[in-house]
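What follows is one chain in structure tokens, specifically the form predicted on its own.
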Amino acid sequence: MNHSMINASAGMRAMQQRVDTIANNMANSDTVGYKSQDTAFASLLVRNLNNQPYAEQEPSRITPFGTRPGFGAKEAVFQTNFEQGTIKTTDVPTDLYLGGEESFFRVQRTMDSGEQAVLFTRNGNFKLIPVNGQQRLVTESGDPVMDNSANPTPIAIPIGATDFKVKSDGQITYRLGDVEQTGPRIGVYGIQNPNILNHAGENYYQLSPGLPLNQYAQLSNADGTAMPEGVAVHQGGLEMSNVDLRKEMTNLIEAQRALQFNARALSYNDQMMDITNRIFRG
């Protein structure tokens, strides 16, 4: 395969991946807590051909001498945009959203191996379900939401509790009969650089294996401490997707045109190779 065909095929692969990323964003434009993604590309191997060894023959040249043919492009970074999405008011007591782009709810999932996986999410579409004689606060997928204790445990309130409320610091209150009770506090975790998080599916994120949890995901509302400025738990609403459909449509048109351009280049090169072979064979 010649140089130009390698460039075209590598470009097609890169553009197809970008189209897939954009399509995923558009499909999740109504998903609660979804964060849009983008792909950055880098040039593949570049050679430097010194085809002009006599600099004095091009005194006005301002670009480097020689030519640097590359071999197309490849995906370099898969980025997630953690900007806050729009807020949708629902007035549902178990619908929560977070203020602060670097804040996350902590949930726990029991894996098939029995291991307890620590996951983070911005999707506050929670519900209370009966578990072992209590009402447990869980995510859409049924994974328990964790409290703010040093050894986090699933959040639960008694069966029959009413008037479920959540304060801005995550403190839960409810009523049993005519008496107001104080329940557990929802754990809010701050991750200084959310881009270190990996996608875990179902709108969950997790730290890479080996990264110390207590170092990279710090509790923002430990007992006796105030929440950082701008960080708060809000009740009765949901943070929707931060996908901008107008921007995604523009990006999609650009990516499709680039994909078509590379496909056409590959087709032309194939035709040229065919003509060359016919001439060679006589």
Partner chain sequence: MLRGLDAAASGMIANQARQDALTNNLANVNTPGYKSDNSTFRTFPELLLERIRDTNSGVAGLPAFPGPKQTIGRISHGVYNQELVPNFIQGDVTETGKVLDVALVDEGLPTIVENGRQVQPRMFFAIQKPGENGQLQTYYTRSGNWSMNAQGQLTTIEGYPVLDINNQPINLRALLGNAPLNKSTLQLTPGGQLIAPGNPNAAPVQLGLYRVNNPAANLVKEADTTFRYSGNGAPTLYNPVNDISVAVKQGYVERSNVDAGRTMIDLMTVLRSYESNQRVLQAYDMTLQKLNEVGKI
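Residue numbers count along the first chain shown, from 1. As the structure is a computational prediction, the values presented were derived from the model and not from experiment.
Below, we refer to the form predicted in complex with the partner chain, which is not included among the displayed structures.
Partner contacts here mean any heavy atom within 4.5 Å of the partner chain in the model of the complex, and among 60-68, 219-227, 26-34, 235-243 they occur only in 60-68. Checking 92, 129, 211, 176 against the partner chain in the model of the complex, a heavy atom within 4.5 Å turns up for just one residue: 211. Out of the listed residues 72, 187, 124, 85, 72 is the one that sits within 4.5 Å of the partner chain in the model of the complex by at least one heavy atom.
Taking the partner from the other structure, the partner chain in the model of the complex has a heavy atom within 4.5 Å of a heavy atom of residue 38. At a distance threshold of 4.5 angstroms between non-hydrogen atoms, residue 269 is in contact with the partner chain in the model of the complex.
Using a 4.5 angstroms threshold between heavy atoms, residue 262 counts as touching the partner chain in the model of the complex.
In the model of the complex, at least one heavy atom of residue 193 sits within 4.5 Å of a heavy atom of the partner chain.
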